[in-house]
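Next up is one chain by itself, shown in structure tokens, the form predicted on its own.
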Amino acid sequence: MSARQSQLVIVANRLPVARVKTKKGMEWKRSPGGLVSALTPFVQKTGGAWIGWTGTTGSAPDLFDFEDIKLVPVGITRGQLENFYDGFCNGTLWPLYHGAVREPEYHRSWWRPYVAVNKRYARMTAETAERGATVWVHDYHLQLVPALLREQRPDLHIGFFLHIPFPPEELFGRLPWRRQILEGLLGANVVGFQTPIGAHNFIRVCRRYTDAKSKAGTLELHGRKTQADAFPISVDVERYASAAESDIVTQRAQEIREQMGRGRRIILGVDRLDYTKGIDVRLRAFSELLSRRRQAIRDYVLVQLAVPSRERVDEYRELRSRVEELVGQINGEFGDVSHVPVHYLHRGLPFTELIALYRAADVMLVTPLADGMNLVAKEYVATRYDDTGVMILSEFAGAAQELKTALQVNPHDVDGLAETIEMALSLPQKEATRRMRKMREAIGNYTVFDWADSFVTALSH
């Protein structure tokens, strides 16, 4: 480990870069995504550091500089990948925090690697941070780091942000290691959540399962205070809006509309292929709509982009099979040689192609069963510079707290979702414009840069 230290340290499961093959060989490239875009300017401005995993198992490479950021790679063994990441993070915490839409599993053999990996991150952070530095820890993979780091470096200003929902008391209480997780988080000066509900849930479970006392959004444990509050994440609005207005996107969006059929209304879903996203329920709702309005089958088309996710895990492979079977059933029942009701893409898309899809879509379907925020909803709104388009949004997505004029829906209700899609397709243009304009105002007033700034400001007080 180099002796170089930093005044601002970001600690996340992954580094903001990935190794990709180019004509020159393997090179580091910046990873896509709002978190990286939001935090990079902060870290660059201070000559800060970013600690995280490279995405491959084995020994970590030496630390290196990338775009004026000191990157500190963390090594993860194959066994830790299976037990820490696939096991405890995504087999226990992920389903539990998303409302137990799938039954979480609790294994001691998963917990021990979770502790070990968190200790490694904490040790490396302690070595990287200057005296009195600001450290911002991210997400459910690293919930023990704040307290572990506090033990080693009580001089630090430590913040933690949870990107996924925080569950209510009756769900979180099932976790065998609930006290350890909570006391780990209470090592931070500020713990941030996507919504006020998440912050409220956290305060309640801390009062019940730890010795912490609470007053006005502040928890006190062992004489140390922790602020718990909502800091809803957003997107780089200007980036999406300017891309949407570009000639290349405008032309490509028109090509997509022509390919789908002149005059046909396009309904779009963009999700990781994850059981929390409700893709299978959405497909059943679309099938229900087609069965009710057979005379209008050729008027609509659903484009579903499902980005591959956790393909090593059996449950995710089963989900893919179930989704693809539903797509086949719908196309088999309602399609013909000249019209396919569902276009299904199981892959990621380049940024420009994604923006063109957003622009081509008349209706955006964002219907997760549970979601911390769901930035796809905000991305779509950011591309609607002309106030066109209709958003159907799950009331269980964090984004529903801000995008109040979306057509909000219970994503578990197949009939209700089918009716809402029908409503979206027949919404008068004046009403659709009013709703979209309100949503654009909401995200324009609070971008991803405002989010990062508000959190760091809270942490500095």
Ligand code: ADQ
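What you see is a predicted model; the values in this text were computed from it and never measured. Sequential numbering from 1, following the sequence displayed.
Missing here is the form predicted together with ligand ADQ; even so, the following discussion is about that form.
Of the stretches 260-268, 121-129, 214-222, 156-164, only 156-164 has residues with a heavy atom within 4.5 Å of ligand ADQ in the model of the complex. Taking non-hydrogen atoms only, R284 never approaches ligand ADQ to within 4.5 angstroms in the model of the complex.
The shortest heavy atom separation between R78 and ligand ADQ in the model of the complex exceeds 4.5 Å. The closest heavy atom approach of L349 to ligand ADQ in the model of the complex falls within 4.5 Å. Of the heavy atoms in L354, some are within 4.5 Å of ligand ADQ in the model of the complex. Residue-level contacts in the model of the complex: of I256, A199, L148, L305, one residue has a heavy atom within 4.5 Å of ligand ADQ, and it is L305. Only one of R317, H343, R272, H107 comes within 4.5 Å of ligand ADQ in the model of the complex through a heavy atom, and that residue is R272.
In this stretch, 107-121, not one residue has a heavy atom within 4.5 Å of ligand ADQ in the model of the complex; the partner itself is omitted from this view.
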